[in-house]
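Single chain ahead, written as structure tokens, the form predicted alone.
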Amino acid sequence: MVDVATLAVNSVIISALYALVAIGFTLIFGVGGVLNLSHGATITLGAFAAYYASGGIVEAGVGGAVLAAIVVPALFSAVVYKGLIERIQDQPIMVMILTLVVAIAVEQVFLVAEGTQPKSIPSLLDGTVALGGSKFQTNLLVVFALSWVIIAALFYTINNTETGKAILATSMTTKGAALVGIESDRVNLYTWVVAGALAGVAGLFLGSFQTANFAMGRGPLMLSFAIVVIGGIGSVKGSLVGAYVIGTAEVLTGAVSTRLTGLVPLLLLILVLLVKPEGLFGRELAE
């Protein structure tokens, strides 16, 4: 018999994590118009940074793992943007190729260094909690709560700070933002750093209840693409809604057959492209 409460809780939890994964992806595309195919590799980097900081190399505890999962991917994203993307960001094909090469290079580095054996990352909090007659890992509930804290902080920053308003203005029109003194390159760097940090935290969260391996970023990258298209490319709010659509559909179909879970995002993606190509909250480009 299907446990409705378990399905509902699982949907809410996994969707929050998907939102965290997708928002960084859509931030970079919405502001810089760049399709960053290294986003999945940044998730992998965050997971392994947490692994190395929690016993893989040094024993820095959960706090050290969280710090490493934020700082290392954020610095990595800044280096990728300043070192490779900034000078060619107006050439979308070159950007896609370069970020794909970066993604493959990161995977190969971890494949050579760690092999194919999955690596365990400690849970953020051990134990179980009873909800609606079912037991859930406390770690999953912590992941859900922290995901929403981060998402809420990001929404507040974008809508209520000067930097956030500069990001919004640049996402609408680079020329218009430049006319009021906003430096688009600086804003793009901010978005890459924020997206890198979000991806790193997502890698830590995923690794804490699954495991870390060299190819763990591929699935989230595909999900991110489906989520941002469904929600509307460049829309943070759309990515949030899209994440809940994909997450809920995955959990429900997974209850029928786990073989269907990978197919659902693709079917929903095709449906949205046919019926509403701009996505649920998409807008026409200003330029």
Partner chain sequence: MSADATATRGLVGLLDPRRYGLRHQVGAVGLVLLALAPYLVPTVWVRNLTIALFFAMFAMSWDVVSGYTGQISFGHAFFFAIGGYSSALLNLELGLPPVVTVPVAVVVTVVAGLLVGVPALRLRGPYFSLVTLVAPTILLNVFILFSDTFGGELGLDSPAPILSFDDLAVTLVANYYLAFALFVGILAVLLAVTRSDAGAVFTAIREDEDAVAASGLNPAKFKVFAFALSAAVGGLAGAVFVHTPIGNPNPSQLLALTVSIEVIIAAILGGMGTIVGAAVAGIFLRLFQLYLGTVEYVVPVLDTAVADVDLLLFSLVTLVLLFALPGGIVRWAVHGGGAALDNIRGRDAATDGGRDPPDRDALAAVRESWREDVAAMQAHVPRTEPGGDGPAGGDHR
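Numbering follows the first chain given and starts at 1. As the structure is a prediction and not an experimental result, all values here were calculated from the model.
Keep in mind that the form predicted together with the partner chain is not shown, yet the notes after this line are about it.
Scan L168, A145, A178, L100 and let me know which has any heavy atom within 4.5 Å of the partner chain in the predicted bound form.
Answer to the contact question: L100.
Among L252, L67, M222, A60, which has at least one heavy atom within 4.5 Å of the partner chain in the predicted bound form?
Flagged contact: M222.
Tell me which stretch of 252 to 260, 38 to 46, 239 to 247, 51 to 59 has a heavy atom within 4.5 angstroms of the partner chain in the predicted bound form.
Of the options, only 252 to 260 has residues within 4.5 Å of the partner.
Could you confirm whether G83 comes within 4.5 Å of the partner chain in the predicted bound form, counting heavy atoms only?
Answer yes; at least one heavy atom of G83 falls within 4.5 Å of the partner chain in the predicted bound form.
Indicate whether A153 is a 4.5 Å heavy atom neighbour of the partner chain in the predicted bound form.
Contact with the partner chain, no.
Answer for L27 alone: is it within 4.5 Å of the partner chain in the predicted bound form, judged on heavy atom distances?
Looking in the predicted bound form, residue contacts with the partner chain do not include L27, since no heavy atom lies within 4.5 Å.
Is L17 close to the partner chain in the predicted bound form, meaning a heavy atom pair under 4.5 Å apart or at it?
Result no; L17 lies far from the partner chain in the predicted bound form.
Could you list the residues in 244 to 281 that come within 4.5 Å of the partner chain in the predicted bound form, counting only heavy atoms and keeping sequence order?
Those in contact are R259, L260, G262, L263, L266, L267, L269, I270, L273, L274, P277.
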